[in-house]
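What follows is a single chain, given as structure tokens, in the form predicted alone.
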Amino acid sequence: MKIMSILYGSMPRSRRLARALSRYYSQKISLEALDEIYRKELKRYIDFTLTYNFFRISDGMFRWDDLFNPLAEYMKIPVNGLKRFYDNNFFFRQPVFKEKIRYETPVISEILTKDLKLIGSLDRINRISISLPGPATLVANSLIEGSSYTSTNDLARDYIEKVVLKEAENAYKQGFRHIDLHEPELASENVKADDYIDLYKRVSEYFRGFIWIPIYFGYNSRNIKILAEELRDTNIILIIDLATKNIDIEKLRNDLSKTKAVGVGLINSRNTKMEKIAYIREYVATLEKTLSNIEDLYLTHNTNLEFLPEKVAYKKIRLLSKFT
């Protein structure tokens, strides 16, 4: 078994970025000045994290207000009101699909490529992942109004075809080798992973790098087992949350018995308490012994680091780096 550490998802915003956003919204600085701050934050994060031997990191999602915005704007979809983001004290602007998606260019990968070029980090693009909401999570947290889509499945398919595939194709062309499709919804008991297997496989046809599906805020045994079995022979890797609640090791072995690679979230991103290195090492040793079928084991945090104060997030990154 090969063991590597990875980072994914959003980072907390620094005071500098928070001040810049406040000044921008009050029209005290220009968009160009704000863009410069975004790039400084990205450079600081990349320079710090890639000092360590992480197999891959995320884009930090500094330009994202939440998992769905500004993507909704890029899709020409309005947002309305605030909705709680699962069981967190965090709210997002809910996309409202009154019309079908219009996504003219792969904005996410284009902006990130431009940022990496301007900060002199384009040579590290193959170790950085772009971030997108997964189809199950997008439809569960959106509203469909009028005759735009006949069902959530209809919306999910259109989102994959018009947004994700376009981003995947352009991302690979630009040099990215990692894409994250965030799917906290799959930890819920209200959704069946079966409904999305074909869509994930569709993305796999377009992107020859690594496709990661982070599933966080809980553990749905049925969904994990189905995904692990159905996606075994693809380039798709699940990232599962093992820090929110204790998962019986025998259940874990059964659920992951058909897969060859998995990411495990052992560092808790919703708790400021620092994990003990000895405990993590002991748990990893147990996984090595129990999950004998796993060829590649990726150690990570259990959800987005943005839920932590910035200083604590960076401390947890340093902790995780000890297992690279």
Partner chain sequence: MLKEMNIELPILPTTVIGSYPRPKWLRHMIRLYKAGRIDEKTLQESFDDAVIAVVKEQEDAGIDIPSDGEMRRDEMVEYFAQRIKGFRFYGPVRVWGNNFFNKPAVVDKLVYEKPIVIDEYMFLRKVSRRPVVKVTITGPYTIADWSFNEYYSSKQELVYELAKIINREILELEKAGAKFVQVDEPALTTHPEEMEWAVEAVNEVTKGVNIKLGIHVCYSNYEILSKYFDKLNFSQFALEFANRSFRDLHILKRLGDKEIGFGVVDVHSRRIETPEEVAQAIRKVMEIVDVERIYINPDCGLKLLPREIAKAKMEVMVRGVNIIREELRRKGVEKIIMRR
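Numbering follows the first chain given and starts at 1. Note that the structure is predicted; figures quoted are calculated from it, not measured.
The protein also exists as the form predicted together with its partner chain; that form is not presented, and the subsequent description refers to it.
Visitor: Within 4.5 Å of its partner chain in the predicted complex, heavy atoms considered, which of D35, E275, D65, D296?
Guide: By the 4.5 Å criterion, the partner-contacting residue is D65.
Visitor: Of E110, D87, E189, D233, which one comes within 4.5 Å of its partner chain in the predicted complex, counting heavy atoms only?
Guide: After the contact test, the surviving option is D87.
Visitor: Would you classify N80 as touching its partner chain in the predicted complex, given a 4.5 Å non-hydrogen atom cut-off?
Guide: N80: contacts its partner chain in the predicted complex.
Visitor: Does the 4.5 Å heavy atom contact test between R270 and its partner chain in the predicted complex come out positive?
Guide: Judged by the heavy-atom cut-off of 4.5 Å, R270 is in contact with its partner chain in the predicted complex.
Visitor: Is R93 one of the residues lying within 4.5 Å of its partner chain in the predicted complex, judged by heavy atom distances?
Guide: Flag for R93 set to yes.
Visitor: Would L143 count as a contact of its partner chain in the predicted complex, using a 4.5 angstroms cut-off between non-hydrogen atoms?
Guide: Taking the distances in the predicted complex, the answer for L143 is yes, it comes within 4.5 Å of its partner chain.
Visitor: Using heavy atoms only and a 4.5 Å cut-off, decide whether all three of M4, L7 and K260 touch its partner chain in the predicted complex.
Guide: The answer is no; none of M4, L7 and K260 reaches its partner chain.
Visitor: Between 12 to 34 and its partner chain in the predicted complex, list the residues on our side with a heavy atom within 4.5 Å.
Guide: Going through 12 to 34 in order - heavy atoms within 4.5 Å of its partner chain in the predicted complex - the hits are R13, R15, A18, L21, S22, Y25.
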